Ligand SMILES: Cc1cc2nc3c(=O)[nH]c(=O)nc-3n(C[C@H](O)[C@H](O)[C@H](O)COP(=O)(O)OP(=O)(O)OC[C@H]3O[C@@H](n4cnc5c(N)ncnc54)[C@H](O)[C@@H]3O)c2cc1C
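Next comes just one chain, in structure tokens: the form predicted alone.
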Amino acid sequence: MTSETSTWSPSRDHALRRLRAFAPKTGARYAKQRNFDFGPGKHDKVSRLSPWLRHRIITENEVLSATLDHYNPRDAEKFIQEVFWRGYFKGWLEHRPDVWTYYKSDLVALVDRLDKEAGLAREYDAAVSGQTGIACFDAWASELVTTGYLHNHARMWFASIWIFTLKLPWQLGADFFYRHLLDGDPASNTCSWRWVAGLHTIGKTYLARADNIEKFTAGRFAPHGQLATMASALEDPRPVSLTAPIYLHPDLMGRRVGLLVTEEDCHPESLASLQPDAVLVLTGSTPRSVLPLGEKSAVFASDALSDRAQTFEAHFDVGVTVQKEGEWSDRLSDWMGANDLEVCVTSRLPLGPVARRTRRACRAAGIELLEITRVYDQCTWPHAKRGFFGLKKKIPQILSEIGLEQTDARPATLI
């Protein structure tokens, strides 16, 4: 069996090979086996495509298209829904930027408490170092730090134990995941932890049960008598305003355009009708927290961008500048000036530290920044205002809108 630590090459070629190998398994077999966590190196019942999807090294359209080459939407329903969960969470958070703002401010305050409250610090340190005495939880903490990955079912169990058994603040647990996961994503991670805590779907929590863990780990773990038996929903009385995401359709005719590529979207070739005059790739990892980024997650996105940059010059037939170190405002200003550029264009930057860093750098340098929202996001996000069920009902419509309604669909050009 291949070691889990050796299966995370950040290259697009690696992701495409994994997609081709797993696409024939996205039907009934996936639906039946997807909840089983057999441990590190044995996660082949799920696709493990999330790190590449998160950074759009491969795109949702490519994954959905490969699936529909083998199955109709009904027979691959569970897998298709899992692809759409990521888009749902992104759209949901774009509609509620206050939730991200609250999470960030809460985290800063909680990290300050760790410095001041010895009891909280001891409990937190035991949890993140895998020394709680709950074997399954400790094993998952170690696997996360060591590999940068956890099975989705294990993530739910872990979050539930963190919140309801260990009674630690959910924000610290979400931060632990976000800093270490190769697929660490502000929306998916934050919303998933809120969902377990009863804050996403108000009052509905997820309780990790020993018999469920025993069944779906094939008997590896059986934490009977160690877990909370009740999961009372957490509450947050702070108001959250509902906003509408803005989708720009910039007119770039006659202007000298620079394309900026960040870890948010590593496949700019598939942005429709884009022909830049120069390309800048910023490969340095963006801090995700006031606490250090995990060793595995720190290099995955950076290495992916370095790998992808090699293809941009041939594809766009323009000069490509790769920068890893330094202030982004300085790098952007130097690049814009050197190439006599008038406007900087990038893929839509969803809420998170990369968006904040990029927009601040452009403002500081006096650079006009235009963000292009992919068609997939434009079709998905409007249905993410409330619960996932509302989006789920629209999946057939969305597949049609992105050109994948037929079972013999091929990759769409507008993605």
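Please read all numbers here as calculations on a predicted model, not as lab measurements. Note that residue numbering begins at 1 and tracks the sequence as displayed.
Quick note: we don't show the form predicted together with this ligand, though the next part is all about it.
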Looking in the predicted bound form, is this ligand within 4.5 Å of a heavy atom from each of Y30, V83 and Y149?
yes
Only one of 189-197, 238-246, 292-300, 305-313 gets a heavy atom within 4.5 Å of this ligand in the predicted bound form; which is it?
189-197
Answer key, this ligand contact in the predicted bound form at 4.5 Å (heavy atoms) among K385, K42, R357, R48: the residue is R48
In this chain shown alone, the residue from F221, F79, F164, W92 with a heavy atom within 4.5 Å of this ligand in the predicted bound form is F79
Residue contact check: L68 to this ligand in the predicted bound form, 4.5 Å heavy atom:
no
If we define contact as a non-hydrogen atom of the residue within 4.5 angstroms of the partner, is L332 a contact of this ligand in the predicted bound form?
no
Is W140 near this ligand? Define near as a heavy atom within 4.5 Å, in the predicted bound form.
no
If we define contact as a non-hydrogen atom of the residue within 4.5 angstroms of the partner, is W328 a contact of this ligand in the predicted bound form?
no
Residue by residue through 159-187, which ones have a non-hydrogen atom no more than 4.5 angstroms from this ligand in the predicted bound form?
A159, F177, L181, D183, G184, D185
